[in-house]
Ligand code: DGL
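As structure tokens, one chain now follows by itself in the form predicted on its own.
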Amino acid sequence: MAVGVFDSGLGGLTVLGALQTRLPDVPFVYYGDNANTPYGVRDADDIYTLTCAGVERLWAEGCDLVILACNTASAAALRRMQENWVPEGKRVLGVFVPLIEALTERQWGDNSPPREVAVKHVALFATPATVQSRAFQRELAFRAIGVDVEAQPCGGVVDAIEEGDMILAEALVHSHVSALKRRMPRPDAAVLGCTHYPLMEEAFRAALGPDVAVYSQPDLVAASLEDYLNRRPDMLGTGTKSLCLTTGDPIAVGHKATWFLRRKIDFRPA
């Protein structure tokens, strides 16, 4: 009954932590492609190839349902995977839709036509590859009309977080927020469109100011998965054990992951 969680590096651990808290009886198999991180500077074909390889590895662990806990993979690869690659009986879901449904105040799985919503000006902070894909804007257009999105590629933030340099990461956050505000001075809402960014949520909130609603993904994705599994319990795979896999050095990745989640995590080679 395991569910797979794919990530390009370590940011998806923020999602994994929320999933384990919300669904403590579900085994999760986490796959971090740490040998090839970051994805945010790679081209779409490269991201697609690497993501497919990771998802296949999770299927091999008995995970019929895989969550792409990586916005870059969700943006650059998910639609292509769903249309041309995912076989019958398997599902791959991304992290954008739960966030957009919360932003537009729609119920999980509401597929009614797009309509006007309260939020009119949205700031999107994401990796360069996610911004370039325009996947967030495309998914938003399925659910809402009349929303202006200003996207800011946040180069360097993921690297600083993964290196543990939070002073640099905070400085970069403030710089990127300032750059966006020059183009959109008064956003109604801000979307943290990278699973690393919840670790910098306080810095984003401080730079944006108290009048901007900030949307972060981990808890929203966990609530969405709980709802999905209540409706589709058949998508729980045959796997029975929780484990963490990495394409990188298991010891080094484990040390960084322990810092991310504030608890010890052991990784095995993927």
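The first residue of the shown sequence is 1; numbering continues from there. Since this is a predicted model, take the numbers as computed values, not measurements.
As for the form predicted together with the named molecule, it is not shown, yet the points below apply to it.
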{"property": "Contact flag, G40 vs the named molecule in the predicted complex, heavy atom cut 4.5 Å", "result": "yes"}
{"property": "4.5 Å heavy atom contact, L140 to the named molecule in the predicted complex", "result": "no"}
{"property": "Interface membership of L93, the named molecule in the predicted complex, 4.5 Å heavy atom rule", "result": "no"}
{"property": "The named molecule contact at V158 in the predicted complex, heavy atom, 4.5 Å", "result": "yes"}
{"property": "The named molecule: the contacting residue among A76, A169, V177, C194 in the predicted complex [heavy atom, 4.5 Å]", "result": "C194"}
{"property": "Proximity to the named molecule in the predicted complex (heavy atom, within 4.5 Å), stretch among 7 to 15, 20 to 28, 245 to 253, 258 to 266", "result": "7 to 15"}
{"property": "Residues within 4.5 Å of the named molecule in the predicted complex, restricted to 70 to 93 and counted by heavy atom", "result": "C70, N71, T72"}
